[in-house]
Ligand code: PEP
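Consider the single chain below, provided in structure tokens and representing the form predicted on its own.
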């Protein structure tokens, strides 16, 4: 264990990994995230139509995916881009859950929306742009739902854990960390997948760590390759964008897999997932008392 990590991260005592704090498993219904398996979350970037969501959900559920992702509210950089269907989108996601039994993960952008979205979703996602929206994080601490916390585009791992500590300090321990790529000067990909973030977080933190290869890549052909890397370095799950017709998607079509491409990726990942037990056994536990940050 790098001694610098202990001093850097152990001050986040509610989420730090140590002898007195075993690894936390987030349970959503009968799905366990962080129990040593690989949890797949997949679906369209944005809820567009009922038929689009139901077709995707039925396809994914038939292939063993237990959690459906879909954005009802979309924090887009441009005010002219598709902003989501709002409450109508949430109702479509709820119908997909009723018909397939899948749990729902969707983004929440404001503390004023938490109560309403929690009525429809099983996991509330904090997007990269909202990672340091502390009013939102405080409210999520009392929402009664699991929280998927995405790393900000320019955030350090310490920044990410600080936000997780904020949620936990208001009473909610069910937090899933998500590495989704960070901003750099390169334009070949949408973001840069910080592959080292996964084993570092699993070494210093007790929370599950998943990877979003879709936003890390921004390029459809790279998503399965980054997914392989995520599995090999020990990610507890993947968050993947899938769309029946990516070329017609209203949001992030370039990085969304088609249904056949997703199925091929799942088949490809089996070999990489098989080495996970040996890998997890090599991840050390942080020792020592909490230090001041």
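This one's a predicted model, so the numbers in the text were calculated from it and none came from an experiment. Residue numbers count along the first chain shown, from 1.
Just so it is clear, the following notes concern the form predicted in complex with the ligand, a form of the same protein that is not shown.
In the model of the complex, residue 45 approaches the ligand with a heavy atom inside 4.5 Å. Although the partner is absent here, residue 69 sits close enough that one of its heavy atoms falls within 4.5 Å of the ligand in the model of the complex. Taking the partner from the other structure, the ligand in the model of the complex has a heavy atom within 4.5 Å of a heavy atom of residue 215.
The ligand is not drawn, but in the model of the complex it has no heavy atom within 4.5 Å of residue 202.
For the options 91, 145, 129, 97, the one in contact with the ligand in the model of the complex, meaning a heavy atom within 4.5 Å, is 129.
Every member of the trio 75, 107 and 150 reaches the ligand in the model of the complex with some non-hydrogen atom inside 4.5 Å. Residues within 4.5 angstroms of the ligand in the model of the complex, judged by any non-hydrogen atom, belong to 119 to 127 and to none of the other stretches in 132 to 140, 119 to 127, 193 to 201, 159 to 167.
Within 4.5 angstroms of the ligand in the model of the complex, the stretch 161 to 181 places a non-hydrogen atom from 180 alone.
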